[in-house]
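Shown below, as structure tokens, is a lone chain in the form predicted on its own; questions about how it binds or moves come after it.
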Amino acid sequence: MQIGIYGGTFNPVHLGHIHLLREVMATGLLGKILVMPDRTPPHKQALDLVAGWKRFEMLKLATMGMEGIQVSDFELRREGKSYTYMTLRLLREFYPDDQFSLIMGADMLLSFREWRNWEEILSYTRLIAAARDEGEYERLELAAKALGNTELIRITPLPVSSTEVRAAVKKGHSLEKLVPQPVADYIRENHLYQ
């Protein structure tokens, strides 16, 4: 089976993440997608990072009923920083007969050569990158050709960020167009990002 891996901090998961998952599944490139919140992101300082299990719960709420989408606690159960190459090495042991694709946005693809052991990742994993507009697609096309083993998909933009969600919570603004309703309820009930 072709399995997609969609990792990230998801602090919190928002409608942009859900939109990307739907668009990728609609391509038919993958049989299922494992969505993995990371324990400790290696590439960013997350000062207002909520506990991994709360981010995991929000992801489960956000993806409920989405066919082919499975939220995984694989990285949350491991100690230390969440490096993609280590996760993939372990996943290959659990799923020896399956093929993996890493799902990422434009910024991740453009900085992919900065990832730890990126050549190893690319040797046995396809990259699937989403381009939101024409100009971005052209830049990604050059990066994809240089890397190889990369599939580009065009998606309709849905500009939402986790930073925007956290700022809205702090200001007491509505989260209606930012996160799925069950996630908004969870954030409110658990007093997150205040």
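Position 1 is the first residue in the sequence shown; the rest follow in order. Note that this is a predicted model, so its numbers are computed, not measured.
Missing here is the form predicted in complex with a small molecule; even so, the following discussion is about that form.
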I need to confirm a contact call. Of Glu93, Glu119, Glu114, Asp107, which residue comes within 4.5 Å of the small molecule in the predicted complex, counting heavy atoms only? Asp107
Any idea which of 160-168, 66-74, 25-33, 138-146 reaches within 4.5 Å of the small molecule in the predicted complex, heavy atoms considered? 160-168
Given that the partner is absent here, does Leu152 sit within 4.5 Å of the small molecule in the predicted complex, heavy atoms only? no
Residue-level contact is defined here as any heavy atom of the residue lying within 4.5 Å of the small molecule in the predicted complex; does Leu127 satisfy this criterion? no
Evaluate Gly4 for contact with the small molecule in the predicted complex, applying a 4.5 angstroms cut-off between non-hydrogen atoms, and reply yes or no. no
Against the small molecule in the predicted complex, would Arg132 count as a contact residue? Criterion: heavy atoms within 4.5 Å. yes
